[in-house]
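In what follows, one protein chain appears twice in different forms, each by itself as structure tokens: structure 1 and structure 2.
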Structure 1
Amino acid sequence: MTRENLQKAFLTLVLIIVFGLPLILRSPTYLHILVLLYLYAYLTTSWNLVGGFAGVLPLGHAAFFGIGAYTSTVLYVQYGVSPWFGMVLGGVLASITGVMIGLPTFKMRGAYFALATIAFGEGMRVMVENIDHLGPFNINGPRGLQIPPLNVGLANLMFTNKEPYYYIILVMLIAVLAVTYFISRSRLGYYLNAGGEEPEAAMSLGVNVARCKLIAMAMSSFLTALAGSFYAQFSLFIHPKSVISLDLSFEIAFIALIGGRGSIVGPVLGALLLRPVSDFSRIYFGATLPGLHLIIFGMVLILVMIYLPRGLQQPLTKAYNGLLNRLDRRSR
């Protein structure tokens, strides 16, 4: 087999595994954990369009997630509008918000941008917590919104089993990976990278850096909001402190940096490491020694960054290449 074919075979194998997983893994617990893992991988990949390619560090993406979750939920619960529609509308609203917040903040550098986005995310949470009614829409302030588990079915993006959620988020993840892949090879991808690295030089080469970043932001916030709607339908309860939390914004960024920022596969790798660490350490230690699981999580963050400052992606890609080379040689 040639290298190319080997890679294709690998890719096929992965697809078979991920699509077949629910058939082997009947436990809803693990499907639940996997759904959240994919969700985080999806969120981080969306984040990566701005945080990875455009070279800034947004720490307020939970705001977009929240917009998505609230839009679809309010429309569904109060007006019976299908969450699929709410999802798209939420995405559009998030895009508009993203562009509005991006316009001024993209002029900032480094730490300022990060802090500004934190303030934006937190400000959004405070706002939602303060508003009970927004015009005809009942947002319910700090009390959150519940989705009654009635009318189960694809049209309402609501299921009793985990499997449909699993496949939906899996398809969403694959789609968003494909989108990033194509963007990274397109003019926009080149422009984003160039603008992130040397904005002045990029501008002189015909790159409207600010506009490219805004486009990336619009896409990123749109995609993030879709996940928000998905999450709302998955958990059936949303609450400002859970869907617009600083923790969520941070975790997205952690996953990206641990996985390898700016690479396509980085977010997936980051989620594959951090989600299980967070879930399993809580399961095993959360009850016996309170706080120990978060100590472990913190230690993992510190150690990975010290030993792999470019993220997991770099050594793993190397190892994978080595493996491919060896297989390649053997097959000849």
Structure 2
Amino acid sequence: MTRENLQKAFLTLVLIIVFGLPLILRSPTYLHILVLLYLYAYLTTSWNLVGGFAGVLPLGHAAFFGIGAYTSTVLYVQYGVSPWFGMVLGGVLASITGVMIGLPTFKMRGAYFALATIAFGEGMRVMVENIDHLGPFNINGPRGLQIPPLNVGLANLMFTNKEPYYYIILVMLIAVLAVTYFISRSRLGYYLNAGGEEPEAAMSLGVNVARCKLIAMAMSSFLTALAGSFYAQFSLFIHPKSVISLDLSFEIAFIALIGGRGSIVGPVLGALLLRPVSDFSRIYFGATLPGLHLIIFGMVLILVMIYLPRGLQQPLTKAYNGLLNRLDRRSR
């Protein structure tokens, strides 16, 4: 069996396991945790398009998540518009917003860009918390919006059990990983990597670095907003601190940095490690030590940056390649 066939067999095995998990795990609690795990893996992979390949550090992606959540929720609750349409429209609005943010901020370097994105995200949260009506739309300020669980079905992205949500977010995660894979092997991916590592050298060779980063930002914002719409239908209640919080932006970036930014599997590995830590720290220490999970993330991030600067994917990828090489030699 060749190395390529071994990789295909491994991928097939992983797909069989993840698609078959709901048949084994019947507990709604565990399925809920898995849905959130896949959701964060999806969010971090979306962030990775601009935060990994483009070589910048955006820390305001919760704003795009919130745009998606509020757009689909307002349209569905107040006007009866399908959440699927609201999801796409929220993605388009987030994409336009991402480009508008990127136009001035991509000229900044290092911490200045990160601070600018933080300012935008926090500014949007404060605005939503202090506004009850935005034109004809009722966003209800700090009280948030509740989705009545009345019209159950795929058309309204609303179900009585966790299994449909599990499969929907799993398909979304596979799709965004496929998008990331093809981009990483496209001309855009090569331009983004070049512009992220050596922007002056890339521009001297004729690469329009700013344009490539704007494209990555638009795609990342669009995909992040889709996750916001999914989360709104999954939780049936949103408010500014749940969908536009700075904690969410930091968590997305921490997972990518710890897992390995700029790689395909890094964000997923980071989510697999850190999301259970986050969930269980909130369950057991949320009342007495709120924010403990971010402290843990910070400590893990320091250790990873010192000993594994390319993230957890570095040793795991090395071990995976070593295993494939041994199996390949034995099969010959």
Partner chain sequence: MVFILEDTINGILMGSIYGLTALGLTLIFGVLKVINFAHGSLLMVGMYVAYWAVTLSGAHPYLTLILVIPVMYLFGYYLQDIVIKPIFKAESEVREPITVIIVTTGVWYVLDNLTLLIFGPHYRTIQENPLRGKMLELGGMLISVPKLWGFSAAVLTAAAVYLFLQKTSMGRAIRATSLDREAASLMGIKQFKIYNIAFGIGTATAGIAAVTLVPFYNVFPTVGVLFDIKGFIIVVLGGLGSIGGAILGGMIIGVIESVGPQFMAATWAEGIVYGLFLLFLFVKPSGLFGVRYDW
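Residues are numbered by position in structure 1's sequence, first residue being 1. C-alpha atoms forming the largest set that superposes within 1.5 Å between two forms make up the rigid core. Note that the structure is predicted; figures quoted are calculated from it, not measured.
Q: Given these two structures of one chain, say which is the form predicted alone.
A: Here the form predicted alone corresponds to structure 2.
Q: Does the distance between the two CA positions of M299 reach 2 Å or more between structure 1 and structure 2, the core being superposed?
A: Yes; that C-alpha moves by at least 2 Å between structure 1 and structure 2.
Q: Using a rigid core alignment, state whether the CA of Y30 is displaced by 2 Å or more between structure 1 and structure 2.
A: Comparing the forms between structure 1 and structure 2, which are aligned on their rigid core, Y30 does not shift its C-alpha by 2 Å or more.
Q: Can you give the C-alpha shift of F280 between structure 1 and structure 2 in Å, rounded to one decimal, after superposing the rigid core?
A: For F280, the alpha-carbon shift amounts to 2.8 Å.
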